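Shown below, as structure tokens, is a lone chain in the form predicted alone; questions about how it binds or moves come after it.
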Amino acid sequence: MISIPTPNPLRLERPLFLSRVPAGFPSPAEDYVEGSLDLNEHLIAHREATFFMRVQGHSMTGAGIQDGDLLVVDRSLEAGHGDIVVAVVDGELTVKRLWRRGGRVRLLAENPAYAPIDLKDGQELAVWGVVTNIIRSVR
């Protein structure tokens, strides 16, 4: 069993600028500051049930998930048809789109180079959580 540590409850508020940025950056003058923003409030709905995982591979590029991205995963959400989930299939960890119809379950890649995982009788599937956000560095 994997233990998930309790997140640090410290807040890290940063300025939130009123201006939207189509190209460029607004002046950091106080007139433009709308308020403060704590990313925890926007990325984490259920603090005790949320964890992060780093992606390895290219099977979900069509969903905007790239190799090296950080996923924000919420264990408290019930996974539904169409959700992107972190799952364990026969002991192997994966991130895929959940497909459920008429009692049939599949895990779909978002890259045509990767085949779907069609779950068969006797296969073990455990959904660890639903992916709620993607964090990517651009530099």
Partner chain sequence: MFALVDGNNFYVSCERVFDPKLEGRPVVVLSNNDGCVVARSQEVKALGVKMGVPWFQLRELARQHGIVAKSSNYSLYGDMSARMMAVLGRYSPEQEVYSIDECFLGMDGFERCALAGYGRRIRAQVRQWLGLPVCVGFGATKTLAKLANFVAKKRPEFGGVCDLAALSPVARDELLAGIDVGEVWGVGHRGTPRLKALGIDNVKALRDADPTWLRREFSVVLERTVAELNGTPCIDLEEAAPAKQQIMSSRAFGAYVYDLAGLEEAVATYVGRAAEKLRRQGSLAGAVQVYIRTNPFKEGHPQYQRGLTVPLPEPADDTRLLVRAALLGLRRLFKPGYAYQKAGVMLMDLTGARHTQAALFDTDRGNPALMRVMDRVNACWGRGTLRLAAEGIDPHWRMRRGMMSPCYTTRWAELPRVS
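Rigid core: the largest C-alpha set superposing within 1.5 Å between the two forms. Numbering follows the first chain given and starts at 1. Just so we're clear, the structure is a prediction, and the values are computed from it rather than from any experiment.
Unshown form predicted in complex with the partner chain; subsequent notes refer to it.
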Taking the partner chain as it sits in the predicted complex, is V105 near enough to touch it, meaning that at least one heavy atom pair lies within 4.5 angstroms?
no
Since only the chain is shown here, I'm wondering whether L70 would be in contact with the partner chain in the predicted complex (any heavy atom pair within 4.5 Å).
yes
Whether G91 contacts the partner chain in the predicted complex should be assessed with a 4.5 Å heavy atom distance threshold; does it?
yes
Check whether A63 has any heavy atom within 4.5 Å of a heavy atom of the partner chain in the predicted complex, and answer yes or no.
no
When the partner chain is considered in the predicted complex, the residues of 65 to 85 having a heavy atom within 4.5 Å of it are L70, L71, R75, S76, L77, E78
Rigid core fit then D118 CA moved by 2 Å or more between this form and the one not shown:
no
